[in-house]
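Coming up is one lone chain in structure tokens, specifically the form predicted alone.
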Amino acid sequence: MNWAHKLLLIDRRIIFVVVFVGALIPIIWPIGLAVQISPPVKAVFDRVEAMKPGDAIMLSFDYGPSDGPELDPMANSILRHCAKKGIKVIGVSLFPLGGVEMAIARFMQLDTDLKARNGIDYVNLGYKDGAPAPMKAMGDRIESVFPCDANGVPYSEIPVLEGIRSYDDLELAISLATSIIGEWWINLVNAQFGIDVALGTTAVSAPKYYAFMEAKQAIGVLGGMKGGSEYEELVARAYPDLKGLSRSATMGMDVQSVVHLVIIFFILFGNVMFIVTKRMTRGAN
């Protein structure tokens, strides 16, 4: 057995260890690879950035824990962007498998990092079942769908909701969605009520939403961890003193990039050793 053939039969556990080390390095020592900003993400950032203090958006947590690594960073950076601008955030959830828990966790973190005030700077209205029906009903009267917030405080007693009756009183609706709920925000809410809609979605679902953006049915799209890292970068550039911006998506992209390079190396290595082995075998014959 020649040396090339021995290298070709390298123990798979060595490959696993190299991949593990490659993923671990950017976590311990952040690399900070350059983040290239795409137009769909820039469009969402610019829309929020153009709002005035006191304007309001609806942020819908339409995803569960399994998609948290991709969508949590989007929620964190959007919430901090709004807090810095003095924009009111009305949080809702229309996803049955943990959406309301994701919202609670993100708002609690906002409280800790920026001392945001529940009921004054933001409100979490909680979860409502049957997504299309509450979406449509909120176009007439949000209070009819959410008569109280997630803590049981009546709608009329929440200061941040003063003057907010329906979509007409909001500047933007953002859905962080893992399923078809994102399409409903476009097809029902944007199409029927005319409010601007932006989407944050998992990488695997992002391509279909770019088509909605091209059709002017969505103002922008944050696609997967890369979209989250781009929004983090835009917020960090605009507000370098902002507290609590974890940059977790940016770090995740560093990990992804290093692991991809390791995988590419082993693919090339395996092919080169295969070619060398074949040539040495022919030479021996």
Partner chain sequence: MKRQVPIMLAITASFLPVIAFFFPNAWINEWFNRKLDEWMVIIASFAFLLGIVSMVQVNLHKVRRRQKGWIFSVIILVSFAIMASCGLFGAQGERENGTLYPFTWIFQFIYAPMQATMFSLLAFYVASASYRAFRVKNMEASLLLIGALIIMFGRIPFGALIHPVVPDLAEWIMRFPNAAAQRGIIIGAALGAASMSIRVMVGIERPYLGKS
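Take the two forms, superpose them, and find the largest set of C-alpha atoms that agree within 1.5 Å; that set is the rigid core. Positions refer to the first chain, counted from 1. Since this is a predicted model, take the numbers as computed values, not measurements.
One more form of this protein exists, namely the form predicted together with the partner chain; it is left out here, but the text below deals with it.
Q: So, in the predicted complex, is Met253 in contact with the partner chain at a 4.5 angstroms heavy atom limit?
A: Met253 belongs to the contact set for the partner chain.
Q: Please run the contact check for Val153 against the partner chain in the predicted complex: heavy atoms, 4.5 angstroms, yes or no?
A: Result no; Val153 lies far from the partner chain in the predicted complex.
Q: Can any non-hydrogen atom of Glu214 be found within 4.5 angstroms of the partner chain in the predicted complex?
A: Answer yes; at least one heavy atom of Glu214 falls within 4.5 Å of the partner chain in the predicted complex.
Q: In the predicted complex, does Pro30 come within 4.5 Å of the partner chain, counting heavy atoms only?
A: No.
Q: Could you list which residues of 37-51 come within 4.5 Å of the partner chain in the predicted complex, counting heavy atoms only?
A: Those in contact are Ser38, Pro39, Pro40.
Q: Superposing on the rigid core, I want to see if Gly68 changes position between this form and the one not shown - specifically a Cα shift of 2 Å or more.
A: Gly68 C-alpha, core-superposed: shift of less than 2 Å.
Q: Honestly, after the rigid core fit, is Ile31 moving at least 2 Å at Cα between this form and the one not shown?
A: After core superposition, the C-alpha of Ile31 moves 2 Å or more between this form and the one not shown.
Q: For Met51, decide whether the Cα shift between this form and the one not shown is 2 Å or greater, given a superposition on the rigid core.
A: Met51: C-alpha displaced by less than 2 Å between this form and the one not shown.
Q: Knowing the shift is 3 Å or more, I'd like to know if the C-alpha atoms of Ala236 and Trp29 are closer or farther apart in the predicted complex than in the shown chain.
A: Here the pair is closer than in the predicted complex; there, farther apart.
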